[in-house]
Each structure stands twice: as structure tokens, then as C-alpha cells.
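Below you'll find only one chain, the form predicted on its own, shown as C-alpha cells.
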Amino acid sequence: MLTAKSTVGIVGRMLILLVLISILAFMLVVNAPIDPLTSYIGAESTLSQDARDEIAEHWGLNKSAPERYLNWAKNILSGDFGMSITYKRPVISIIRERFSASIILMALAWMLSGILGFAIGIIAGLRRGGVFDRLVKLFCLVLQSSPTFWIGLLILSVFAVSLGWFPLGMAAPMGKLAAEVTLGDRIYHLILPTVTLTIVSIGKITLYTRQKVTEIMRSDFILFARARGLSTRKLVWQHVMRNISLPAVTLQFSSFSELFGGMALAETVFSYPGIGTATTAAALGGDVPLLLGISLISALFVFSGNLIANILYGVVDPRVKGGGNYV
């Protein structure tokens, strides 16, 4: 159970984390070679200097970097995330809309990669040195060294372009009104992005589980259990699962940050209207309010994953109590 002291510590670390991330994100965006004003009006714009100055004043681009950050921080404390320069809409409404689309994609990919990676890793570890183990290891190593966008483009080229089994992208069929889009349409458009993210995320959990299973199966207590006549199935359920569940939970929940990074590339490849494509558009347009808002939400998401992992420790292994590290 989390005590009051540990809860205060968690909240304090979370606040410090958010402040540091917001400062770092702001510095990176401000020092980027992209000019927000030029992105807003276009490189070939014929607007007069007076008009440019008015636009810069409207968006606060004429102020110094510290002033802009302090104004943003002050507004955040009152619940105002600002207006997006790219979308000309409140940042919080964009994040809410895009995140609701991305959370389904992330949840499906996260669960599938965790379940499949864990199961495949156990089987490969039990058959170490066999054909299946070698194929799994080769497949995972190739995945670990392949960029997400390349895998996405490959899947898109094969299953959408060559075979024509799935749509080229988007979250719904083009030309259909939102009210006309069915659940089947949304699932159909989710398949390829979900498969891409699952494939990208499955390698690490598979290799890690395989290695832990191999170490456990070579340990002395397993040899002793075999000498007592326990079958492989009982060994897995009574000893292997108990010893690999805790580190597997840690690894899977810590993959939230990597999932966010892969999601941005996957959504861009498949033109999926989620938080990833919004991040890409904001970065290319130097949209500071939107990027900072997404950075905060992403940090909270990753922090929540680590917190849930620590809470689940006590469920997986009752010997572990709350109060671990959450960041």
C-alpha cells in the first residue's frame, strides 16, 4: 500500500519532472532552425513588415524566450494550454481529440506486443538452441535494428499497395461523414498501424524473456525440481512464471516512452490522425504551445506507466511493497 509520505514523494517527483521536461522542450523548440512566423505565413508570403509584426505580436512571437515561457507557465497554472499556431485551435482540444484516437492504437499494440512477446520468449527460452529459438532471435534482432518508418512503409507497400487487402491509411474511409463511419471501418483502418507498432515493440520483451527463462532453467533449483520429477509444464507455472513476471512487467510498462516515439512515426506513415501526426506537424511548424502541451501529456503518460508498474509489483509478488522509484 502507498503511504501518505510516499504519495507526497510521488507527486513531488512528478511535478519536478514536468517542469524540467517543459523547460527542455521549450529550449529545443525555440532554438530549432524553424521560424514559427515563416511557417505560419509561408516562405513565399508577400505580407508587409507591419502585417508580419502584427501576427508576431498576436502569437507572442515578438517577446523574448524567457517571457514567452513564463507567460505559458502562468497560463498553464490556470488551466490554459494556449492556442496552437498550426491548427488555430485551443491546444487542449487538439490533444483531447488526437489522444483519444491514439490511445486505442497504443493500447492494442502495447497489449499484443506484451502478450505475444512474453509467450514467444518463454517458448524460445525453453527450446534454446533449436530452430524456433534461432529464428525468433534473428527476427527480434532485425526488428531492433530496423527503423519504425521503414517497417511501416514495408507493411504498407505489401498489404495495402501490392495485395490491396487494407486501406493506405487514415482512420476512416475518405468521403464518408463522421456519422456514417462504422466500428468495422475504424477497426479495418486500425489493423496495419497496430501490426506495425506491435512488431516494432515485440523484440525487446521477447529477447528479455527468452534470456531470463534460459537463466532460470539452468539454475540449481530447477535441476533439483527436475530431480523430484516435476514436468516442464509444472516447472514453468510454479517457478519460471513467478521469477520472470516481475521484470517483464517492469520492462513492458517502461516501454511507454518508446511506444510514443514509434507511434509518431507509424501514424505519419499511415496518415493516422493521432497525437503522433499532431506532434510532427507542430515540430515542423515551430508550434511551441502545442509541442509543450504534448510534451506534458506524454510525460504524464510515461510517469503513469512506471507508477502502475510499481503498484503491480505487490500483485505479482506479495513480497514487494509500494514505495519504489516512479521516474
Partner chain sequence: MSKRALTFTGLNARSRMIIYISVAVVYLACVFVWGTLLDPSAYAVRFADKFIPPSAGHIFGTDFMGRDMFFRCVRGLSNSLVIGLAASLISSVIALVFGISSAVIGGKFDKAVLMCVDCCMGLPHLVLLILISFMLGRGAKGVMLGVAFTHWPELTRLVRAEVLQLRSSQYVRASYKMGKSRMYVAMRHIFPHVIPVYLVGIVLLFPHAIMHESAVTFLGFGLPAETPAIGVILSEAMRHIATGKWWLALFPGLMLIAAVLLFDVIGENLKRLLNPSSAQE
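Numbering follows the first chain given and starts at 1. Every value quoted in this text rests on a predicted model; they were computed, and no experiment measured them.
Not pictured, yet referred to below: the form predicted in complex with the partner chain.
Engineer: Since exactly one of R134, R242, R186, R226 fits, which has a heavy atom within 4.5 Å of the partner chain in the predicted complex?
Structural biologist: Flagged contact: R134.
Engineer: Within 4.5 Å, heavy atoms only, which of V142, M111, I104, A119 is in contact with the partner chain in the predicted complex?
Structural biologist: By the 4.5 Å heavy-atom cutoff, the listed residue in contact is V142.
Engineer: Flag W150 as yes or no: does it have a non-hydrogen atom within 4.5 angstroms of any non-hydrogen atom of the partner chain in the predicted complex?
Structural biologist: Yes, W150 is a contact residue.
Engineer: Would A309 count as touching the partner chain in the predicted complex under a 4.5 Å heavy atom rule?
Structural biologist: Output for A309 is no: heavy atoms all beyond 4.5 Å of the partner chain.
Engineer: Hey, in the predicted complex, is V161 touching the partner chain, heavy atoms inside 4.5 Å?
Structural biologist: V161 belongs to the contact set for the partner chain.
Engineer: Answer with yes or no whether L154 is in contact with the partner chain in the predicted complex, where contact means some heavy atom within 4.5 Å.
Structural biologist: Residue-level check for L154: yes, a contact with the partner chain.
Engineer: Should the three residues I123, Q211 and P247 be counted as contacting the partner chain in the predicted complex, with contact defined as a heavy atom within 4.5 Å for each?
Structural biologist: No, none of I123, Q211 and P247 comes within 4.5 Å of the partner chain in the predicted complex.
Engineer: Mind listing which residues of 95-112 have a heavy atom within 4.5 Å of the partner chain in the predicted complex?
Structural biologist: Result: empty, none.
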